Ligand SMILES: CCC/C=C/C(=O)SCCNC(=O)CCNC(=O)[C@H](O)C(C)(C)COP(=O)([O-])OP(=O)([O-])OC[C@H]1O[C@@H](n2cnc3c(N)ncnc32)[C@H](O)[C@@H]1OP(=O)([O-])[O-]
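Consider the single chain below, provided in structure tokens and representing the form predicted alone.
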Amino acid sequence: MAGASSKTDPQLLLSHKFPEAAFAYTERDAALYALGVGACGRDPLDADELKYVYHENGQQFIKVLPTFAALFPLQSLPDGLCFPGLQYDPQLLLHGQQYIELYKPLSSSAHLQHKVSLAGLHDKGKAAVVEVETKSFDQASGELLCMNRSTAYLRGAGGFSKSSQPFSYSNYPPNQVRAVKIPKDKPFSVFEDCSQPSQALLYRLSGDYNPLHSDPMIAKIAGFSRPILHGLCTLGFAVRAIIKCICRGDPDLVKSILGKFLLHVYPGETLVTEMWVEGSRVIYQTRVKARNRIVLSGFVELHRWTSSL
């Protein structure tokens, strides 16, 4: 790999100090996000989901979906993965996976402080894998609320190793996120949900304005017949299905989330999420019904066993 033309400079990237970012969200933001990931999309009277968008039964605050936390890295890095020592074509970026840890349920509004660090950098030859960690704190108390680890696959940015051993850096234990193996037996539960043709246009209002999800010409340049759905939107659909089917509608049971993005989804396609329960962990995979292709897989770790099981 030595002598490759990549402009990735690992030492410059590792020494980069990320600025802290302040971010505030309101109940309106949380409700808009819930609609963006399909809450009440099939039934506006859904007893499990109305609480995400309305003060149901006189509740003082709406409930917040745990995947709302996936928006925080977008706020902490408004320019995306634009760091010293990392040069790549943004059109060649693939969002590989998202890992989220929640230390307490998210409130319906908050003022946050985000601290960002480089969690990993790996030379894969023709590509580089970059892992960025975002820790989100309550601005007033300093309490750590959640952590995101976003993994991006940057095609064309690899080949920067200076020796025969490929460069690889991680600042967290390799077994912190256990590998996901989809069981061969029948799923414990299956949930089918239809995204709307305008789903990506609605979801982008939560802050992800990548034109790949809205501009037909950009989508065609990227090789798609039309704009595709955000991977994090598909993740929201899957975790919402798990909360409904396994957690009896209680989002506060979710402790951590892993989503691996495997294939694109077109807005309007029907998503089928299959779930297997292994202890306090729910293994899942989501497929597009019409194409019968798996587009997402991962797990959701729960705080405790649920009475529904």
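Quick caveat, the model's predicted, so the values are computed rather than measured. Quick note: we count residues from 1 along the sequence shown, nothing fancier.
This next part talks about the form predicted together with the named molecule, which is not shown.
- This chain is displayed without the named molecule, yet in the predicted bound form the stretch 121 to 129 from 214 to 222, 192 to 200, 235 to 243, 121 to 129 comes within 4.5 Å of it by heavy atoms.
- Site annotation in the predicted bound form: the residue of Asn148, Ser108, Ser76, Gln97 reaching within 4.5 Å of the named molecule with a heavy atom is Gln97.
- Of the residues given (Val277, Ala31, Val272, Leu263), Leu263 alone sits with a heavy atom within 4.5 Å of the named molecule in the predicted bound form.
- Not displayed here, the named molecule is approached by His230 to within 4.5 Å at the level of heavy atoms in the predicted bound form.
- Within 4.5 Å of some heavy atom of the named molecule in the predicted bound form lies at least one heavy atom of Asp208.
- When the named molecule is considered in the predicted bound form, Val180 lies well away from it, no heavy atom lying within 4.5 Å.
- Of the heavy atoms in Phe167, none are within 4.5 Å of the named molecule in the predicted bound form.
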